[in-house]
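First, one chain by itself: the form predicted alone, in structure tokens.
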Amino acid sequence: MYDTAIIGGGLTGCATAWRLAEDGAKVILLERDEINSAASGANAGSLHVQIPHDPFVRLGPDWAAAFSQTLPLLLDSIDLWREVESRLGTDLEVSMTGGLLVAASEAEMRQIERKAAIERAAGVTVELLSASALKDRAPYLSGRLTGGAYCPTEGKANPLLCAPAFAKAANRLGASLLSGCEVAAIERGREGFELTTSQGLVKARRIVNAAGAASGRIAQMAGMRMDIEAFPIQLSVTAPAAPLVSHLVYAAAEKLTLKQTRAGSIIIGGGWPARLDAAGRPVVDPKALARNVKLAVDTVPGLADVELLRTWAAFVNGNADWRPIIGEAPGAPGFFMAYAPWIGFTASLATASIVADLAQGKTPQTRADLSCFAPR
């Protein structure tokens, strides 16, 4: 009998396993594929705090005001990202050089200003920049830009390194890790839960559902319906280049994130949709790629001389209101949700810390109002 069974071997699941094992709990982590094989390892590695600009424009200020309840959670997570390498004793290529959201028109600048007011009210530091101040801060950006916003509490990490580092640290502390282990059914047992898996029966007093895009399916096994979907997106990476992009860069014009890795490669993302093939697998959409790359070069002209090396497609988990689902599920004592859509890479460390505390009956130390994220 385990104290806690964690379903999902992405960053949130692995970090939760580490936190629980660090506290002496008997933990097992179940991953249907390989550790870090889904969104946690296929994303762009951005550490966000600003409200995403694209849904702010599409869904409006009322949505942004509601989403701003997530910002204290992201700030908590950034604090944890700052100390994670020393805690784990390993290099995850964490870098906090700040994020720049840039505008190519006066209309876009007004949008940025309205969004910044909501962010500041939630405790996020945001500095509005004129065109000249933006050029001084980031001379590599296009001279056509009309201004932007700078958030110093943003950055990046290497998504290929993070979840595996937590998995190894958890394993060193005694956590059991099973890959290639799919959960087929969940039943309530005499002392907790019985999980029927592809590798046999697992018994645990508690369950943490950290299955990302599959969290809805897992929740349904425990008798709940959750607003959770998988969305296919695509990203690109260039060949290594000389130092060029020194911030996490966003564009207000369309979907775009840019960042340069320690090795010199530049990751071009922003959430452009990929296509699905006949088998339902995400594949690259050339039209979306063309628009993404054009926007990248329009924003950072120096990218025109850099070779595009690879583009890939992957599922990310999302929901309609963009807000996390964190906490013990109603009507299912001992079943905990650890789900952070869209900005899950950033939020994963705070989500894991909170859920690990809740699963042990502790009061989480967080800026966030957890009632906003309670499973319903």
Ligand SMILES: Cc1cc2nc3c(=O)[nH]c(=O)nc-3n(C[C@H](O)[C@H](O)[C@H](O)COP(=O)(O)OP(=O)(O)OC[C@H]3O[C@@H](n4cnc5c(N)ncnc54)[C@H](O)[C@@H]3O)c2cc1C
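Residue numbers run from 1 along the displayed sequence. Bear in mind that the values here come from a model prediction, so they are computed numbers and not experimental data.
Keep in mind that the form predicted in complex with the ligand is missing from the display, and what follows is about it.
- Of the candidate stretches 64-72, 329-337, 51-59, 308-316, only 308-316 contains residues with a heavy atom within 4.5 Å of the ligand in the predicted complex.
- Taking the partner from the other structure, the ligand in the predicted complex has a heavy atom within 4.5 Å of a heavy atom of Gly212.
- When contacts are judged by a 4.5 Å heavy atom cut-off, Arg323 does not count as touching the ligand in the predicted complex.
- Remark: Glu93 does not count among the residues lining the ligand in the predicted complex, judged by a heavy atom distance of 4.5 Å or less.
- In the predicted complex, no heavy atom of Ala5 sits within 4.5 Å of the ligand.
- Although the partner is absent from the chain shown here, Leu30, Ala44 and Gly344 each have a heavy atom within 4.5 Å of the ligand in the predicted complex.
- Just one of Ile266, Ile233, Ala116, Ala138 comes within 4.5 Å of the ligand in the predicted complex, counting any heavy atom, and that one is Ile233.
- A single residue from the set Ile228, Ala149, Ala104, Cys181 has any heavy atom within 4.5 angstroms of the ligand in the predicted complex; that residue is Cys181.
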